[in-house]
Every structure is written in structure tokens, then in C-alpha cells.
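Single chain ahead, by itself, as C-alpha cells, in the form predicted on its own.
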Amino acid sequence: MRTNDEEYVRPATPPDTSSWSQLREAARDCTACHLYKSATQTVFGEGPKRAPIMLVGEQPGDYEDVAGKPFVGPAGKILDRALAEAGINRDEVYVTNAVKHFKWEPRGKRRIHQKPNSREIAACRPWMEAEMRFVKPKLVVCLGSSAGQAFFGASFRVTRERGKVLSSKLAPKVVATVHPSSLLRQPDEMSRDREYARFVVDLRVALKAAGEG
């Protein structure tokens, strides 16, 4: 049986506008799914409006939910370092998430991240599509499985497709890799170093592909 929250999911309806500020303002009031009820605010994307590369993560985390900005927490710091090592200037890329509200459950005084489901991703997809129309990136980097599934469907697996230059209906070139938060969950320093190096390699593939054609 579905709960009321699970039933309260429908596609978002971005305004038909050529104004970026109007789009962002509309996203602030989005109630397309129940996640807005427990989130502090909508966390919309940031970056140049004609950025050659768009980075798409899963959803804002606790830090992002409070700050109202994408990738400003511990995972964001790893992302910044990896982008720099790959030769990508974060100020020149557009960064956003497949889902714009923080999904979490309480555990004591902490708010613990919960993975968004396919219906929540689908509800938020129109906002990402609107961002794509404004930015028109040459290439999209999907960070993690939720972002990959937003572009390729529920059967998409980052473990099978990471580091490859793919194509989707939303973007001519897409490179999938892990979400930087996964690096924080590695069991030891050796594993973290190994997976971080693989992450940087994937970002270099994206940079090269964005510069071709």
C-alpha cells in the first residue's frame, strides 16, 4: 500500500520562459513530490549559462540543503580537488542534481541521506531538462547511479558504463562515473586513493570528449 507521500508525486512544471531568474524562482516553490515537505529549500544548479560541461549529481545533501548550493559539503570538496587534478575549472562548469530536494530520515540528531526513488527522479526531471535547454552543454558528467538513471533509465549501471563516452536523448555526449560521496565510504586509505585516481581519470575522459567536435 502506498503512503500519502508516495502518492504525492507528479512531474514538475517549469515555466515556459527565457528568463533564468524566473526559472530559478519557480523551482523554489516546487511541490511536484513530497520531498519538499522535509527539505529546507530547493537546491538549484549553479554555473555559467553556456558551460561546455554540466555535472549532474544525485540530490543535495545535508550541507547543500542548508546552504542552498550544490556540492558544498565533504563530497563537494572531493569533487573540487578531482576537477582541478583533471584540468577542469569548477567555475567554468555547471553543477546540478537530478533531484533538487534533500531526501533524508532522522537518526538521533542527524539527518541521514536516503536514495531518491525512480518516481522522485522522474518528478524532478523537467527541472533538469529546463537547465539543459539553458546551458546547452557539450557534455554531461553523471555522478552516480541516480544521475545515470535520470539520463538512461532504471537499468543503467555506472559500474558497467563508467568512463565511456555515451549519448542520450538529453545530451549528445555523456560520461558516467561514481558520485564523489562514494569515495568517502571506502573502507581504507588504499581503497580511497585507488578509487579517487579512477574518478580523476573519468573526469579527464570527459574533458577530452567535451573538447572534441
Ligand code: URA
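When you see a residue number, it is the position in the sequence shown, counting from 1. This one's a predicted model, so the numbers in the text were calculated from it and none came from an experiment.
Keep in mind that the form predicted together with the named molecule is missing from the display, and what follows is about it.
- The candidate spot formed by Gly57, Glu64 and Pro70 lies fully in contact with the named molecule in the predicted bound form, as each residue has a heavy atom within 4.5 Å of it.
- Across the options 104 to 112, 132 to 140, 119 to 127, 71 to 79, residues that bring heavy atoms within 4.5 Å of the named molecule in the predicted bound form belong to 71 to 79.
- In this stretch, 79 to 111, the one residue having a heavy atom within 4.5 Å of the named molecule in the predicted bound form is Asn97; the partner itself is omitted from this view.
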